[in-house]
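Before any questions on binding or motion, here is one chain by itself as structure tokens, the form predicted alone.
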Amino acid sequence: MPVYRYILRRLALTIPLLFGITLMAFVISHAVPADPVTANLGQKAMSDPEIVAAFRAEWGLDKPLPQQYLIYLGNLLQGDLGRSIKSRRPVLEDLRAFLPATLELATASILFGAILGLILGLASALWRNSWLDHGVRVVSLFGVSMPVFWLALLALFFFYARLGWAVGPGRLDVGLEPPPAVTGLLTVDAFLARDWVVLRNALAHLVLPALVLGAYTTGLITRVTRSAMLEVLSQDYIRTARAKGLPTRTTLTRHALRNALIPVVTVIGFSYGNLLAGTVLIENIFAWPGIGQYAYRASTSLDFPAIMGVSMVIALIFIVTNLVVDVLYFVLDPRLRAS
């Protein structure tokens, strides 16, 4: 099957999937036994029935739930995600403001995790049962076992508070002006503006949270890479390639690594989606103004439009990530292109 036909079929399936996600997010968010009026109005305002009625009418909370959902779907088809109860701004504007910070952090984390995980996994598989293998397995076990919030607190305490090797929380030092917004990614915008001071400072702020967030991914990719390489190296065609006298480098790169990358690509893709969707703790600990903090504030204030908007963004992230992973399968495995 041609790749473009497979992509078109997957995109067609995305439409009912997104509608199903909106329904689930709407039902779950409205099933919470709490009242957004109580969460957003003060004690004095709550005692005035007219203010309460006006608040419910303004945000459509006075309508039946099925009607609220149909109104939301109608606005969504026009590209309108609604207006946030908390910020009083369109949800789409809020997401554009908060999402780039999470994209920057998650991308740095997955690059660190993928590169280091592949190197450690390959080394561990090639020198199986050596001291290097045992050391790598201990490091990977540490990475997948440590809670990310605990690791973040330890990293801040030692590398920032005690040793002074890392800068403090946030995306930039206080007093530094961010570069003109082009992409929303501080490092990219600073590079485009040739503002090297801001670029160095943004990279310094990015290193510690990216390393902490990527620790679990590094351990996971290391373990999967090691397991996949060991399985591939035991196959008959690898032994045949070695028996024919092919150089070790050619055998590993052209025959072993390409087949071993298939499960690794799956792990990297899902890990990237999880990083984008699950940065709440890291963003709060490192004062990182990303979508995780926005989702946390929306959930604590029962900001239904913002909760729905975040749910849609996370769903799209996983859909796009899965699609990219599936396309990479076609590139790595010629059997799929022939089927």
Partner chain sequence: MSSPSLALPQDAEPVLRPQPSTWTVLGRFLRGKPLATLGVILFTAWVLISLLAPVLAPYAPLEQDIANRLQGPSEQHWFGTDQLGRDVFSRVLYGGRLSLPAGVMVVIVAGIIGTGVGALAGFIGGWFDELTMRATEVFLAFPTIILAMAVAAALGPSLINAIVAMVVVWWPNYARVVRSLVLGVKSQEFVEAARALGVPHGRILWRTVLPNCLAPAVVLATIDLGNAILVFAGLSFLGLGPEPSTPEWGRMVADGIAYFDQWWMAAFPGLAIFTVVIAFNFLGDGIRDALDPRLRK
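Here the rigid core means the biggest group of C-alpha atoms that line up within 1.5 Å when the two forms are laid on top of each other. Residue numbers count along the first chain shown, from 1. All values derive from a computational prediction rather than experimental measurement.
Just so it is clear, the following notes concern the form predicted in complex with its partner chain, a form of the same protein that is not shown.
- Annotation: in the predicted bound form, residues Gln68, Leu111 and Leu208 none come within 4.5 Å of its partner chain through any heavy atom.
- The closest heavy atom approach of Arg128 to its partner chain in the predicted bound form falls within 4.5 Å.
- At the 4.5 Å threshold, heavy atoms of Ala53 stay clear of its partner chain in the predicted bound form, well away from it.
- In the predicted bound form, at least one heavy atom of Phe318 sits within 4.5 Å of its partner chain.
- Interface residue remark: Pro147 is counted as part of the site for its partner chain in the predicted bound form, having a heavy atom within 4.5 Å.
- Taking a 4.5 Å heavy atom cutoff to its partner chain in the predicted bound form, the contact residue among Thr253, Ser234, Thr240, Thr183 is Ser234.
- With the partner left out here, its partner chain still marks one of 154-162, 261-269, 98-106, 79-87 in the predicted bound form; by a 4.5 Å heavy atom cut-off that stretch is 154-162.
- In the predicted bound form, Tyr216, Arg223, Leu230, Glu231 are the residues of 196-231 with at least one heavy atom within 4.5 Å of its partner chain, listed from first to last.
- Relative to the superposed core, Ile285 undergoes a Cα shift smaller than 2 Å between this form and the one not shown.
- A movement of the C-alpha atom of Ser311 reaching 2 angstroms or beyond is seen between this form and the one not shown when the two forms are aligned on their rigid core.
- Taking 2 Å as the criterion, Thr14 counts as shifted between this form and the one not shown: its C-alpha moves by at least this amount when the rigid core is aligned.
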